[in-house]
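Let's start with one chain on its own, the form predicted alone, as structure tokens.
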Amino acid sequence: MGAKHDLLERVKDIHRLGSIQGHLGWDREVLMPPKGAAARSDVLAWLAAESHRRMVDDDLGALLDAVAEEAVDDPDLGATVRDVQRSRDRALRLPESFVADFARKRSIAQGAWQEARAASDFAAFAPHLQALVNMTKQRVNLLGAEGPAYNALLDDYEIGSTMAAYDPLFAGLKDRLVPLLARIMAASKDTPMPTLPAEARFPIAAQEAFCRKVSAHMGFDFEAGRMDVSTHPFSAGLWPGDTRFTTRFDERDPFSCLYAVMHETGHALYEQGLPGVHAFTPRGKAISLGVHESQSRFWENQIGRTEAFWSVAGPWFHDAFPNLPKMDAATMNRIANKVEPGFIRVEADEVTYNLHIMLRYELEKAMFDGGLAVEDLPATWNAMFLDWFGLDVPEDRLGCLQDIHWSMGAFGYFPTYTLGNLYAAQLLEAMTHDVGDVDALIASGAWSAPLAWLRERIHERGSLHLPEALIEEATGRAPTPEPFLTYVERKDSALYGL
């Protein structure tokens, strides 16, 4: 049928192997019995090696060459060729044995992290983290990356990203957010935010039912996906028609589950909205982690932390927890938007969240280019946290063991979360211009309107455009932090009477 057909079939097989890896990874976090860890690691290592063999196969290279001219005039094919060529160029530099061993060590490390986190024992995880850091440095060398090692890691997760771009971005955000935080803390002494009753308990079954209702109203198709429980909430688009996300529960804090569900549903809606006609090809996948994070942060914050949201979801909440004193939408929204330095990134407010990301960014830079030893990570984390947040970290579980990312070897991933925050605010600004008052739509219950806008401008585009070009096409201007800073300053100034 021609070179294009043959290329796409080979690419689809590689992506099918990736889907199997994703499925087994989801199962490891959600269902797998502990004694299955060793065999699971071997299976994942084999799958990684098999994918690598197919990516470096000479016939795939010949097919890429054969369709190069056609790809110039075919944007869909061009997106796939662009992605596969980049992946192949990297794969050709990595020995198959290295790829398999790295996959095996990551799988083992994730199990070790779960146990270490539960015991709040960094020392138990440290040897696994050291092995991943060593292999990551080796990978950077094998790729022949020039300049600082950390630049190569940033580029893994957001094409073209470098410290030269992130350093001034983070400095600019810090210059605006730290004074804002100080003003909020001063104001909160006189007008403290309301809170849920300290003695209240929120049964897990009721939390699950409430959160499923919110997720469904956001547009998540539960006939094409499911919600489960894991140590660290995550979302996984496994196959067309099978997108899964997880959450976790705290009987004292229902907002922990709610906003994890809204966050992961945002990711899952992106996966469910990708173009099925391009399934199992790069053209049919999400373009970047930064864009992916924009979808989760948009629903969690721009929608979920608004009075409009609580005017709809508040009655559902009180139906789920009938023993709770009735509170109006304005009060619920003030509770949901409380600004306060805390230990846990995923539960941080919109003002302090990016400071959590900056801390991890600085630590990763130090691990890969600044000589920070793995064994010194907890003490360095704790000292920085005290300096930045004014809080003493009481145990590793609340500090350097809280995130799953390092156990996955995902160094360079964290900065994409800040990009997601910036993109989300810029998307809200453009959406408001196109569809009108988004709060009014949410308060009316018409949550499908924001989703339809995102479907057309982000989800259905898949990887047709690179991240910055996609955001510019969707919003009418290049990515900029100003919409986010304006949004958060205006929002918290109103809430705290600044």
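Source: prediction; values computed, not measured. Quick note: we count residues from 1 along the sequence shown, nothing fancier.
Separately, the form predicted in complex with another copy of the chain exists; it is not shown, and the next lines address it.
Peer 1: When another copy of the chain is placed as it is in the predicted complex, which of 218-226, 353-361, 160-168, 76-84 ends up with heavy atoms within 4.5 Å of it?
Peer 2: Selected range: 218-226.
Peer 1: Verify the flagged residues 436, 440 and 447 against another copy of the chain in the predicted complex: is each one within 4.5 Å by a non-hydrogen atom?
Peer 2: Heavy-atom distance to another copy of the chain in the predicted complex: none of the three under 4.5 Å.
Peer 1: Against another copy of the chain in the predicted complex, would residue 43 count as a contact residue? Criterion: heavy atoms within 4.5 Å.
Peer 2: Residue 43: contacts another copy of the chain in the predicted complex.
Peer 1: Decide whether residue 32 counts as a contact residue for another copy of the chain in the predicted complex under a heavy atom distance cut-off of 4.5 Å.
Peer 2: Because a heavy atom of residue 32 falls inside 4.5 Å of another copy of the chain in the predicted complex, the answer is yes.
Peer 1: Does residue 388 make contact with another copy of the chain in the predicted complex, using a 4.5 Å heavy atom cut-off?
Peer 2: The answer is no: residue 388 has no heavy atom within 4.5 Å of another copy of the chain.
Peer 1: Even though the partner isn't displayed, in the predicted complex is residue 283 close enough to another copy of the chain, meaning a heavy atom within 4.5 Å?
Peer 2: Although another copy of the chain is absent here, residue 283 would stay clear of it in the predicted complex, with no heavy atoms inside 4.5 Å.
Peer 1: What residues in 252-275 sit within 4.5 Å of another copy of the chain in the predicted complex, counting heavy atoms only?
Peer 2: Contacting residues: none.
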